[in-house]
Ligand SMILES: Cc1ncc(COP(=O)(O)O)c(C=O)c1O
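What follows is a single chain, given as structure tokens, in the form predicted alone.
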Amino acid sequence: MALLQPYRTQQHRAEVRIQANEWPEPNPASRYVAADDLDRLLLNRYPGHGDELRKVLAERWRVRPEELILGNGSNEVLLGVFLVFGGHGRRTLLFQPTYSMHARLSVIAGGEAIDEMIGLPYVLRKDRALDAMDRVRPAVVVFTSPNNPTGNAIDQEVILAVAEAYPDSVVLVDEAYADFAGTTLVPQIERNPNLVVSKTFSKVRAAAGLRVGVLAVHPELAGYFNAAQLPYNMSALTLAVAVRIARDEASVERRLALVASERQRVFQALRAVAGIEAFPSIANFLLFRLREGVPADVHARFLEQSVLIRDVSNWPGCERCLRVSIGTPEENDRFIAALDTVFSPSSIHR
């Protein structure tokens, strides 16, 4: 634990901030709550348990409300998985490169994270996953699909094969970006009690600042999570806004269409740069690897254009890589325009 450094994204001043996979368009709370709504929220009372929010989400995902665990951001419900099923002497299997918080949360809970290096391009086959499970015998195995930072999905058959072959291991599926893919494994929980699925409001629901995470679990496991969870972990304000966001499917559909067209435009611009290898994505970000140059230098040259992206070259399996979130059309214009300057021969060799 003493070796862990604080988790930080790169927070530099920039006019275009496309480094954190947030939804780029402003989404003010006033869109969902008015003054009259606030008058009905009594802050002197403890909040409820999110029954209305769980009901709305349960209907959408075709599960029972009691199968949904709510948290203050997805990282809180993810930590709950490791606190309940990880811990001292227990291993978590990760397929790298992937979301860096999974290893961190495993260690915070007292366990050990074991990396299986898949590398780039990120293609996780069923035989590779089952072989790693046989060697590591983890208490928890994590699949992030679509994966961060690579942006591609893991075949659902791979995940289900692991869940069926290793019923004593908890199979955690991080679906933070699953809305972009249009798929989910939540309906498979009923037949696979060891399968747990995490979701977030921070991406296509444009509510990273609200801090809402959800864990879908089999009824046999729900009691363990409820027992371990801190009471009143979500505020009355958060729950009130989250219910209305959860019902706003029209905005989600619009955002999905926008990110699909903008992602393709940015991807084509990256592919046109000779010094870059860009990886296809179905999420709201793109990973690219430098054929030449130093990631920190490239990152700095983008900043000189007031464009902030993410240097992920220190992540396992991401050597020479950077990641760019899909911004608004105007922000993407700025990023694309910056490519010529950042990767001009004079910039690279100065």
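Note that the structure is predicted; figures quoted are calculated from it, not measured. The first residue of the sequence shown is number 1, and the count goes up from there.
There is another form of this protein, the form predicted together with the named molecule, and it is not shown here; the text below is about that form.
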| item | value |
| --- | --- |
| Close approach of P193 to the named molecule in the model of the complex, 4.5 Å, heavy atom | no |
| Contact flag, G73 vs the named molecule in the model of the complex, heavy atom cut 4.5 Å | yes |
| Interface membership of D174, the named molecule in the model of the complex, 4.5 Å heavy atom rule | yes |
| Non-hydrogen atom contact K203 with the named molecule in the model of the complex at 4.5 angstroms | yes |
| In the model of the complex, the residue from R91, R104, R244, R211 that sits within 4.5 Å of the named molecule by heavy atoms | R211 |
| Answer option from F180, F95, F82, Y99, heavy atom within 4.5 Å of the named molecule in the model of the complex | Y99 |
| Region of this chain that lies against the named molecule in the model of the complex, out of 143-151, 185-193, 270-278, 254-262 [heavy atom, 4.5 Å] | 143-151 |
| Residues of stretch 221-235 in contact with the named molecule in the model of the complex (4.5 Å, non-hydrogen atom) | none |
